[in-house]
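As a starting point, one isolated chain is supplied in structure tokens, in the form predicted alone.
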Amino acid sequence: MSTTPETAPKRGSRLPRLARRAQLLEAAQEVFVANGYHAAAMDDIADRAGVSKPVLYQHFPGKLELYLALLDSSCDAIVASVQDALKSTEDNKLRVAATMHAFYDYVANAQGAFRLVFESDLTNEPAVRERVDRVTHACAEAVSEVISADAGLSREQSMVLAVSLVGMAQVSARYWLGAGDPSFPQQQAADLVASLAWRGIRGFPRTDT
């Protein structure tokens, strides 16, 4: 459940440290997603969480550290989803579909964490850029391992194909969400792009056939 001024705990209420940290990250995500990094203020985040600024600073020494902690969580989530999708089946056509749906599910999530990863207004900050690049590389690395093992391509060749698939997934998912066409539901959009991806990748036959 999202933290709003109405549902946030009253100031002064005590929570275990880990629970308080999770609550602060949830409030921060709502503020950063709505306003972007530069327009977000620690006062706004503290108000959204229902805590004082000193409490917020006890957990995070500054706005950048808070943003990076949130970004780490958001990055880990999409990487884990892609890895799980690839492990979910040995059928490569279904693997492509599952991976595409992992990206569409991530982008369609109402909390909007994808905006921190793929639409950050702080990519000139090296620590942010490193994390954003890590998502593409980690997802592509997982995909490339399957391509290399099945098609017998070199690591470099497999990575180029994998980066292309990852880019297709996240860019098309963001476009679909932004278009907001109710006649074109998420399942249909993800299936359509997965079909396109599969038509391309199946041109590299399995080495065991």
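Because the structure is a prediction, the values reported are computed rather than measured. Numbering starts at 1 and follows the sequence shown.
Omitted from view is the form predicted in complex with another copy of the chain, to which the following refers.
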* Contact label in the predicted complex: Arg199 to another copy of the chain, heavy atom within 4.5 Å -> yes
* To do: Examine Ser172 and determine whether its closest non-hydrogen atom to another copy of the chain in the predicted complex is within 4.5 angstroms.
  => yes
* To do: Report whether the minimum heavy atom distance between Arg134 and another copy of the chain in the predicted complex is within 4.5 Å.
  => no
* Asked: Does another copy of the chain get within 4.5 angstroms of any non-hydrogen atom of Arg129 in the predicted complex?
  -> yes
* Should the three residues Gly36, Gln157 and Gly167 be counted as contacting another copy of the chain in the predicted complex, with contact defined as a heavy atom within 4.5 Å for each? -> yes
* **Contact residue in the predicted complex, chosen from Leu68, Met42, Leu161, Val55 - any heavy atom within 4.5 Å of another copy of the chain** => Leu161
* Asked: Among 45-53, 22-30, 178-186, 59-67, which stretch has residues with heavy atoms no more than 4.5 Å from another copy of the chain in the predicted complex?
  -> 178-186
* Asked: What residues, if any, in 140-155 have a non-hydrogen atom within 4.5 angstroms of another copy of the chain in the predicted complex?
  -> none
